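First, one chain by itself in structure tokens, the form predicted alone.
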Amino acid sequence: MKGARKAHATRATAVVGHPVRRKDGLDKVTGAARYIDDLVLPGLLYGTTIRSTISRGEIASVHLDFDTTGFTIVSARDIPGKNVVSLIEADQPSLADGRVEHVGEAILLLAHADKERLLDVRVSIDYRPAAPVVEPELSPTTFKEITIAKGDLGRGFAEADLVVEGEYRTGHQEHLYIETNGVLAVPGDGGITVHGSLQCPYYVHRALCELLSLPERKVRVIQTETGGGFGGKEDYPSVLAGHAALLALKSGRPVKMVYDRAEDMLATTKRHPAIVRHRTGVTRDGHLTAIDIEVLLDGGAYVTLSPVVLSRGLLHATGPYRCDHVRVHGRVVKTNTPPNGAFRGFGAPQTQFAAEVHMDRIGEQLGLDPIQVRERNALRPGDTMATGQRIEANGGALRVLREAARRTRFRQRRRALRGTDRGLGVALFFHGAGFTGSGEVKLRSKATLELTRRGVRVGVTATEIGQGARTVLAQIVATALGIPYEHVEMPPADTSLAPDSGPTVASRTTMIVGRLLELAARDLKRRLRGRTPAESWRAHGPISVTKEYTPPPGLTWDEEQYVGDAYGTWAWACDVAEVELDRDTGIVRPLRITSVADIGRVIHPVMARGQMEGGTAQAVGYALTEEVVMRDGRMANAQLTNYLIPTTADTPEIDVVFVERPYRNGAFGAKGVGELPMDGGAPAIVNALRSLGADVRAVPATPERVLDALSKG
């Protein structure tokens, strides 16, 4: 009987792999969840930002053309610490001091108790304009330059029967999270507490310490419910939190700043535009002998996260293909446009778009169909990548490719569609999970489990931004500890209560933070010695277990030479897209996308499917409609009337298939999933257009671009 009870308890608590109810679901559907704009405190002031209207120049004078009674006003002169936004480089000022480098740069901050009064303020700024640089090809300033090399490129081209060249372009993309950026800063006890819609509490914490010249203990950052991030709330909340905190400290009152949609689109970071040039040597039977790639990214006016976006972009630039002789060189440069930053995929969607469109062109010139050319070159276990990293035994490029071809009957369907206005395209892609190289070692992420009277409380600063982190992490803890899922508490991320578990980026939360919690739970289970948490609490009181990240054995990385294991593991996927083309208007209608993915062990099948569907839908927008129009360095279409994202009517049917190959160093075998689906949708759609005679080499594939391609075909 005792054994039967134990077996039943194990089944009841082994919730990994099952679609349990979301931890945050009930509050969100009932309206009980409180977002930043729901928070109101006594004495609250509302803040606003006065921004530059030119792309580059000196500030000659600032005139306040309104009655300033009752206003708190902050300029660069009021900053008590360093006037920087603390990220990779200290080049971006929190507030412009004497000169501006892009339209929308913050110059002055205002706060007032009456939000309506902020709409009536008039501030005149006199400038001495300078000529802006808005084209990356013309930029004299390089933020970062990286070269990855393997083998002998000259030898590789000498072995080639054919050389295929091509240039591919991708534009800006707006995050368009449902909830815009917003924070609430509360002064007190000689310090500051910031509540915010954000992804990375400790990023904001570090930035505030430097800006305000405060010790760590005097700065507290608490994440509120967050309505989406996609990377846009990785770097930018450090800017906005600093602004609200400056106003709060000067006024001595709480200050809330929430952007409206137009301001959020005008001022915040975007996806980096890219120009990618390929030169590829290939034998007549379709094997790659040499890959030479040049990548140019537009970083905007300040460095932000551009060096690491470039890094990840270059590491994915070859696509998931084997080749002995490779050179990948890239630069990210300065332009006088708003800074670009983190966005789902982090450089990989740009470079893998180029790789996959180029691969179709190679197959076309050799008379090979898209599946054949990929099968002959896909990375296999034991192969080495451009950095020399060896593909592990569970590397799944061929498996997802063949399953996608089988499931969609790709060759038969392509033949059936000949002569119609429907086309079929494929994209094979991969994504490194976790921080690049030694990044995870430098982060030294920590996670804590604390015994409660009923179960356990999780202490991490991994954030819930709609992707289901609270739920998945609770599933991992419940299963590893052997307690009911409902007995796992997931409090909000709070820097005063939880250790730094690293940023919620890079497809790392489930794999890295989840693994730390799995180890902590197993350790705690040993300490319980067969007792339930309640029994242990009554007998011995609280117990706390903290685990710190240690790298898996055998991983090496040379940051200077870009040689070694770029990522602990890779997720793999293959998309097949079917589209319909109106040849008179150039309008493309995506009909169906099949996405086969290897993300290791699937912790929550419904939410994992949701990540794949959501990322694929976002990739559809990137492929077809989401065009940021820049004029003289300003986003000219910073409103939803003419920045077009796919609606439910525009989103195709998305069929998601998981091919599970567990990763031994991930939580219960999990890899990353959040960024992967962003990489494949655009090239699959553009390759479907190629099958219809439209040689499109830039996204978004607007009707104008499609008609132009058809006219040249």
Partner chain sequence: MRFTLNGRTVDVRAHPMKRLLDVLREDCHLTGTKEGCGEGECGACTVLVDGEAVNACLVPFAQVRGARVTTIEGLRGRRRLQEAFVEHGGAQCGICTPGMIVAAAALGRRPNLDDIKTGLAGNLCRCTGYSGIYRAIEAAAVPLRPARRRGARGKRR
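What you see is a predicted model, and the numbers here were worked out from it, not measured in a lab. Numbering follows the first chain given and starts at 1.
Although it is not shown, the form predicted in complex with its partner chain is what the next lines describe.
Proximity to its partner chain in the predicted bound form, taken as a non-hydrogen atom within 4.5 angstroms, holds for one residue of Ile73, Leu176, Ile146, Leu153, which is Leu176. The single contact residue among Thr647, Ser61, Thr53, Thr68, judged by any heavy atom lying within 4.5 Å of its partner chain in the predicted bound form, is Thr647. Taking the partner from elsewhere, Arg34 is found to have a heavy atom lying within 4.5 Å of its partner chain in the predicted bound form. At a distance threshold of 4.5 angstroms between non-hydrogen atoms, Gln352 is out of contact with its partner chain in the predicted bound form.
Residue contact check for Gln618: one or more of its heavy atoms lie within 4.5 Å of its partner chain in the predicted bound form. Using a 4.5 Å cutoff between non-hydrogen atoms, Ile465 counts as a contact of its partner chain in the predicted bound form. Only one of 101-109, 220-228, 199-207, 433-441 places residue heavy atoms within 4.5 angstroms of its partner chain in the predicted bound form, namely 220-228. Residues Arg609, Gly610, Gln611, Glu613, Gly614, Ala617, Gln618 are the members of 608-623 with a non-hydrogen atom no more than 4.5 angstroms from its partner chain in the predicted bound form.
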